[in-house]
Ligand code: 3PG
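As a starting point, one isolated chain is supplied in structure tokens, in the form predicted on its own.
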């Protein structure tokens, strides 16, 4: 575990505390209403811990140019409802209105500044070094009116920007409770999972999934790797099964410039760890708008492969039911099409049924678990998405590095 400070190491009652959270949420494109408020619910323990401080919330929603790039006003309103207290929205990030509002706060008050990605530095300085971030306008102005910084934005801990990493370098900084919870649960998946350990990797992000698979396989921490979805299709291809020209072209295009590296990883997994691979044995294709079952022996196909088949799901079931720990990231199918949601839903159901410690790796899979009301049956449903993938692959996490530097500087 990284050597940074947490809220257990400090008393912030009466202090002005900048708190970076990630409450970036799916919104109804017509009404703007929240489709999933789990990220707002995720930060509530930290908000309650800081109830006697002067809390200044920093967050983003989407990015400039996207249809769901909005102000944080509705986020402030909903958070106030969830907490049962007033959360004041300030239509500014680090200008005079924001600074004046912060300086006028009383203990126990909470304000929510506007979308930090509306300030050009938040996105514009993503490739900057820590020293440049520490001296930028956003950091300099906000730090001038604050006593401490809390990073509870695990979902963007793999990012580098003024409000994620820059503030940690100029203020005493602490990990929030959500950050701690995520790191503890995901640390179990990497360092000391209860055995047997089954890892199900799906979705379209084949490069990320294979980074995770190789990290866990090389550590000797995983017993069974189950590739499904596009990841499963890629692994079938790497193991010698031609998928058909269109299906192979889809994988190449989805990986953009990462295909060669990803293909090399797929071949390495097949050649070095075949005994731990549970590959699909049957699939579902779309033919004339209908779901059609085929065996792997029927490949290649000119039709798109959109799901795993019933035989594959029957093989996956004991690997999940008999496990001590299960990590699942990425859907098994093109679940947005009702006829092809079956594989993803069945894996979700068996994950809810098993007595194993189940970790859901964020993104679409996490949202589906919430929508189907299964959160209480899952050991840990990560809010992380890309950050979760980065952590599980043992890649650089700038937010954690910045917290470590802050601890060394201020403790």
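Fair warning: this is a prediction, and the values are worked out from it, not measured in the lab. Residue numbers count along the first chain shown, from 1.
What comes next is about the form predicted together with the ligand, which is not displayed.
Colleague: Just to confirm, residue 155 within 4.5 Å of the ligand in the predicted bound form by heavy atoms?
Modeller: Yes - in the predicted bound form, heavy atoms of residue 155 and the ligand come within 4.5 Å of each other.
Colleague: Consider residue 54 of the chain shown here, and say whether it contacts the ligand in the predicted bound form, taking contact as heavy atoms within 4.5 Å.
Modeller: Output for residue 54 is no: heavy atoms all beyond 4.5 Å of the ligand.
Colleague: Can you tell me whether residue 75 touches the ligand? I mean in the predicted bound form, with a 4.5 angstroms heavy atom cut-off.
Modeller: Heavy-atom contact with the ligand at 4.5 Å: absent for residue 75.
Colleague: Would residue 117 count as a contact of the ligand in the predicted bound form, using a 4.5 angstroms cut-off between non-hydrogen atoms?
Modeller: Residue-level check for residue 117: yes, a contact with the ligand.
Colleague: Since the chain is shown here on its own, which stretch among 41-49, 56-64, 368-376, 342-350 would lie within 4.5 Å of the ligand in the predicted bound form, judged by heavy atoms?
Modeller: Stretch 56-64 is the one.
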